[in-house]
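Presented as structure tokens, the chain that follows is alone, the form predicted on its own.
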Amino acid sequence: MTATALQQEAQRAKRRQQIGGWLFVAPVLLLNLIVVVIPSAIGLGMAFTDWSGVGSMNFIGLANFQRLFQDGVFFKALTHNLLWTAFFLIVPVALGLLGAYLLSGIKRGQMFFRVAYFIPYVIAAVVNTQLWRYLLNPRVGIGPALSQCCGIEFLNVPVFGSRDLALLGVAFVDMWHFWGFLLVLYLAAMSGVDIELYEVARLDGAGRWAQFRHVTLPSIRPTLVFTILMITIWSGLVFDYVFIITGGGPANASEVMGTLLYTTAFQRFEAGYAAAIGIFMALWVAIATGGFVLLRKLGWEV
């Protein structure tokens, strides 16, 4: 067989391999097309109509987006999403890092603590929310009980019914179920840190805080950056805990973009305007993902 024939046979074999690969991924691509691409395209088109969810669609151009940037409730919801993001980037991350660093020094029984802290994360949101609704109930919760038996009054307030505390209360409940997940992730990352780095740091006179700052944090940076990205995305799409506990109330005090989209589409029957809100939420995710890609190019994830 000549060299040209061998080259042609190699090219045919390569084409067959490529076709076989595409055939293997074709079902996944088809599913993604049906579940993601087509609904996204339909939603994008809806944003330029005044569709109510039933009947015909009327093209109205950029009217929904003009209304969006004049809607005080939307900007209030957006502000709540930003506050939610700031809260979750600080409190759960700090608790997860601190708890993981403390548990990393425990050699016996560590698995018990991992499971104990992770359990709230795997419990359904409906169960978690109902638990805390009873605990913080202004009539039969821990606030009235502490007030009667010990004279402690600061918890004897309607947390979820207060315009000043509703958003913070829901964020606390969500944080309670979420921070154990971060702890387990950070603990797994810390277990891969080279012990010799800590020994060298101790020989240089570094205390535990200096070791954590100069050895632990740089070593787990990929995991830390990834969790920051996911928290930023999830905070922009938050819905379940807010919807179950307060529904965005009272008086929009805990409204976020997700609950506003839901009430706009399914209670006020303004599907076109809700689609415009959804596009803004997708833009939030795109910006967060773009920031992560930029960090990767700058080398901050390694």
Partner chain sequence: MFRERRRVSTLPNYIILTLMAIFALAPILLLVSGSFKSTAEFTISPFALPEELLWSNYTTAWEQGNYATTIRNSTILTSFTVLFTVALAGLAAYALSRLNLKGGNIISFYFLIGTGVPAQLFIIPLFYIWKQLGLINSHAGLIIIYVALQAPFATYLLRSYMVALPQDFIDAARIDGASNVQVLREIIIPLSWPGFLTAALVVGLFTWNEFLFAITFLPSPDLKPIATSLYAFQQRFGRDWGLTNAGSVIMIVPVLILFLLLQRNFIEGLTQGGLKA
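Between two forms, the rigid core is defined as the largest C-alpha subset superposing within 1.5 Å. All values reported here derive from a predicted model rather than from experimental measurement. Numbering follows the first chain given and starts at 1.
Omitted here: the form predicted together with its partner chain. The next part is about that form.
In the predicted bound form, its partner chain stays beyond 4.5 Å of every heavy atom belonging to residue 63.
In the predicted bound form, its partner chain stays beyond 4.5 Å of every heavy atom belonging to residue 11.
Under a 4.5 angstroms non-hydrogen atom cutoff, its partner chain in the predicted bound form has residue 126 among its neighbouring residues.
Using a 4.5 Å cutoff between non-hydrogen atoms, residue 132 counts as a contact of its partner chain in the predicted bound form. Checking 83, 98, 210, 168 against its partner chain in the predicted bound form, a heavy atom within 4.5 Å turns up for just one residue: 98. Of the listed positions (230, 200, 89, 217), a single one reaches within 4.5 angstroms of its partner chain by any non-hydrogen atom in the predicted bound form, namely 230. Applying a 4.5 Å heavy atom cutoff to its partner chain in the predicted bound form picks out 188, 191, 202 from 186-207, in order along the sequence. After superposing the rigid core, the C-alpha of residue 19 moves by 2 Å or more between the shown form and the other one.
Core-superposed comparison between the shown form and the other one: CA of residue 42 displaced by less than 2 Å. Residue 62 is not among the residues whose C-alpha shifts by 2 Å or more between the shown form and the other one once the rigid core is aligned; its shift stays under 2 Å.
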